[in-house]
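Consider the single chain below, provided in structure tokens and representing the form predicted alone.
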């Protein structure tokens, strides 16, 4: 059951798609109060209550014990003390052991604070703006609450099938030859590859919808060359448009008033990669349509995938704030700076980027309504991706286009996925990636993944290998590294055959991963789930923070500690453990319910199959180069059955929007003696 409470005059964010009449009764689940500061919600938590949700955030699966702020922030240092990351995902489930659980969704695109027991251990306090819509969701189980919420916000985005293959990216591929080298490096070692990403270096002086003709001569021919080699090119698109006379995107936007304005109605000048830039007004429908139409220029050259970046929006500095800071710095130049003066100077310079004052300095024209940016801050990245998604429906209406974003708000999941931003090559960021996935799924974002190996810092061989062993199961499986870091392509390390085997295991599992992803989309369910969602009566399951259910048949328990030769695993029921050093080298063992220490070698992928479940595993040729090499008629069935197991297999052409009707999904039944891989 969903109830809707309306406060003030809220904006239509587009987060919800179901029409729910506003409730006139008093919310009985939480105490709601209204003041000049905004709307406050209060709930006293019991000792065993668990909090799930909030999408892309720091810390564990259970969000209890810290404060989280929905205020999309360009901050790559994702440490435990940070309160905001790149998105605003204001949905939370309060799981209660002794009372029915419920969900709460705060539909407000401005700042919302979730104090989930940081100030007082047993108190959940939510503070949001005066103009908002609040939804409560009640159900008999966590899964039912999640499903109702997913139905409220609409069907998740479906990526083309090739976008489930292995993908390689690096900020630093500066020319077509750099890309060719990366492709040859993979193929030369027999490593499958479906996509290579183009970061900002492909552009002409960092200008959107341009290509540097010296670095990438004859771009359409290069795109075609890569496709002939089985590789899709995926260019980045940034939010800022360079101020430059003669640059058509800039001149058109200025002429049509498509950029965000300052208080006086002048174009708001900020700086990002190209220097001084203007921000397209993504909240204006005409500006959004105009910006989305620009993707066609690249699509006409053969591009069929994009990643949107810098769209919180990131601001290196604003013209106004830079002048203010520089004036103050100059005034201090003759000072004998002591402790306080030095740190004041340091704070001035560090505070140039993404300064809160700057987000209060510019405005949107929301189709006739002028609104200050900070009031709708979390919508910007969402609406940039909406601009692209709606444009694709016109440019290529029958074809799927890969699209994902750095910043997002609930509702964006209908247009694209996300990657979890600029992480680092830290072991705790591998754990963070594991813990973020079910929270993102809960908010509708199914096509998701992290930068495998870590974006910043230097990845070690063991970290990259362990991260890949988790990344096997994420819909977006992309290795991405920053300029200036150690080369992170898997063929740059020792023991290349081990990396090859891990990535081939991904391709072997793709029939299952794709099937489970698509079923989760159509049924409004979660692909990744915490254990407590499937085992609600298991007293220990809510406290397991490092294992996930992936689809209907598999539980994963990745290794995420440096130098670890294994890990402890909790099994809520008897399961079959599958060990794989390669697709051809498999060992299965049944483990009883309970706690186990499992040895897991560095080059070994381990997962667990639930009782009376099975999954398809593709049999691959040695020379497979991409997802098109998977033969749909060559599957092994891996299963754990007392008598028989059943599996409903989904498949389609992978590129069109002619999705397979539910009545045509393939139901496969195997008796215990008919399974190809079992104990």
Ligand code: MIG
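Numbering follows the first chain given and starts at 1. Since the model is a prediction, treat every value here as computed from it, not as a measurement.
There is another form of this protein, the form predicted together with the named molecule, and it is not shown here; the text below is about that form.
**Student:** Counting 3 or more ligand atoms within 2.4 Å of any backbone or C-beta atom as blocked, would the named molecule, superposed onto this chain from where it sits in the predicted complex, find the site open or blocked?
**Tutor:** Check passed, pocket reads open.
**Student:** Would you point out which of 511-519, 355-363, 309-317, 246-254 contains residues with a non-hydrogen atom within 4.5 Å of the named molecule in the predicted complex?
**Tutor:** Among the candidates, contact is made by 309-317.
**Student:** Only one of 455, 114, 467, 415 gets a heavy atom within 4.5 Å of the named molecule in the predicted complex. Which one?
**Tutor:** Looking at the other structure, the residue within range turns out to be 455.
**Student:** If you check 209, 507, 197, 273 against the named molecule in the predicted complex, which one has a heavy atom within 4.5 Å?
**Tutor:** In short, 273.
**Student:** Would you confirm whether the three residues 529, 552 and 610 all fall within 4.5 Å of the named molecule in the predicted complex, going by non-hydrogen atoms?
**Tutor:** Judged in the predicted complex, none of 529, 552 and 610 sits within 4.5 Å of the named molecule.
**Student:** With a cut-off of 4.5 Å between heavy atoms, is residue 406 one of the residues that contacts the named molecule in the predicted complex?
**Tutor:** Output for residue 406 is yes: heavy atoms within 4.5 Å of the named molecule.
**Student:** Does residue 161 make contact with the named molecule in the predicted complex, using a 4.5 Å heavy atom cut-off?
**Tutor:** Residue-level check for residue 161: no, no contact with the named molecule.
**Student:** Is there any non-hydrogen atom of residue 186 lying within 4.5 Å of the named molecule in the predicted complex?
**Tutor:** Output for residue 186 is no: heavy atoms all beyond 4.5 Å of the named molecule.
**Student:** If you check in the predicted complex, is residue 422 within 4.5 Å of the named molecule, heavy atoms only?
**Tutor:** Result yes; residue 422 sits at the interface with the named molecule in the predicted complex.
**Student:** So which residues in 561-580, when you check the named molecule in the predicted complex, have a heavy atom no farther than 4.5 Å from it?
**Tutor:** Residues within 4.5 Å: none in this stretch.
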